[in-house]
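Given next, in structure tokens, is a single chain: the form predicted on its own.
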Amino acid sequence: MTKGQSTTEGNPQSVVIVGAGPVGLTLAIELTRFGIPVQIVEKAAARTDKSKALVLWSRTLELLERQPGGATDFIEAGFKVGAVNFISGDKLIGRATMASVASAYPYALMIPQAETERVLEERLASLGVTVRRQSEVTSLSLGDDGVEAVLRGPDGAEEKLSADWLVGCDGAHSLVRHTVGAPFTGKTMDSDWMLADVHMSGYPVPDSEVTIYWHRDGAFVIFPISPGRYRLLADMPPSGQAQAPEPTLEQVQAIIDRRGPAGMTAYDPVWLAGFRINGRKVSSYRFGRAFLCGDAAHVHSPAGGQGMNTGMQDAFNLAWKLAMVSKGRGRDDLIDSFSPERSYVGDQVLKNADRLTMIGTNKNPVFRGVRDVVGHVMLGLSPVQHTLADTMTEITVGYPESPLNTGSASGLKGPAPGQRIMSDRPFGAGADPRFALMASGEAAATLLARHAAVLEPDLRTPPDPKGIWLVRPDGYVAAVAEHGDPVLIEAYLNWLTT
């Protein structure tokens, strides 16, 4: 165990979270329900009132289902979208539906970030934790045994806050990232982008579908937010200004008329903004007693809508590991795995977002012609449609190279180590983060009794009766073994707790 680490249930370590956006709030909820003392500080006086990040994908909804209130609170506040159309000129290149996604949530849930934050903050408050707003972190000190933050409150007074762990969920300009000296490597695209959250009439497809227009001038994307309300995105020529300018409603309408189908009219704007795309990422997410999550660790193109979901899944990944180690139920290797696992996912998201952006904004006529032909052929294939839908909804996110993986599913019908696995009830939904056994028979029952401190009390139905699956609290496979040979699973559980 790390120096200073608690090894008793009665004295779990404490965590300070800097930033109360969706990522910080998710982490605070997860840690709190696992019995870890949390303080979450935020320099803003109130939650955002902007739509900002707009979608919760299937995998994030699955993980939210673990919490009190489950995914229902979000679903009630959101709007389901079930398909994506790709159009070039007046030709439908292809259409991908999410109906085939193997999840209880086979859709994109469109929900403005303001609503996502509202549900999360209310959920955190119901667990007895209040966000400390108008509390700006002015300096940080990291030691071998803990961290210390200096806060400036709304009255200008300063106070010192001590904890065992620190997590920076404080966005792209993260003070935590600057403090630990993590390089934020990458680039900024040389084009300006327009964002318009507007009401609009004349949308030619159902409100339950996204449309991506590949125009010779650039990309134009329409995301339904609710019936009659939409998020519009388009790339623009470089303005030469220090910041991308905010578009007017007239400029938005000009883009609609130029790149979209005839007959669409925008009115009553909710939010208009200009922005530039940054693709940047840290190489490590852990720095001793400090961690980086969400935009503090990675920013990228909005193509695919993966940013907020990736950050929230950073939080889900970190929370159960911190909780197990803090309570003395797991070795520090669990926490060490956070960075390689989530950095791997961050790399994939960054590459996919860059690729989608390049495909949609490339103005070379030869490239566009090849793109349209190849896209039409590929998107006409059912396997390609299913793969695209699975990737968009993030059910394919996994950790194939995780240091926590062992064993093999070779010859067995079921997921391999590092892959997501499905069950009839959420993993990690209890008051303690525990691993689960998906198996049957006497050998599995013996394992359950011998390792009751870190395993769920009941066996779950395995995907193949010939195997034993050891599943992490976040629903990813840790180890697989043959049904009649549980030695590998036994060794893993012994390693986990020594």
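Residue numbers run from 1 along the displayed sequence. Remember, it's a predicted structure, so these values are computed and weren't measured experimentally.
Missing here is the form predicted in complex with a small molecule; even so, the following discussion is about that form.
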Interface stretch in the predicted bound form with the small molecule - options 77-85, 419-427, 213-221, 292-300, non-hydrogen atom within 4.5 Å: 292-300
The small molecule contact at Cys169 in the predicted bound form, heavy atom, 4.5 Å: yes
Does the small molecule get within 4.5 angstroms of any non-hydrogen atom of Glu136 in the predicted bound form? yes
With heavy atoms only and a cut-off of 4.5 Å, decide whether Trp271 touches the small molecule in the predicted bound form. yes
Given that the small molecule is not shown alongside this chain, does Gly307 nevertheless sit within 4.5 Å of it in the predicted bound form, heavy atom to heavy atom? yes
In the predicted bound form, the residue from Ala53, Leu61, Ala436, Ile36 that sits within 4.5 Å of the small molecule by heavy atoms: Ala53
By the heavy atom within 4.5 Å rule, which residue out of Ile277, Leu404, Ala244, Leu195 makes contact with the small molecule in the predicted bound form? Leu195
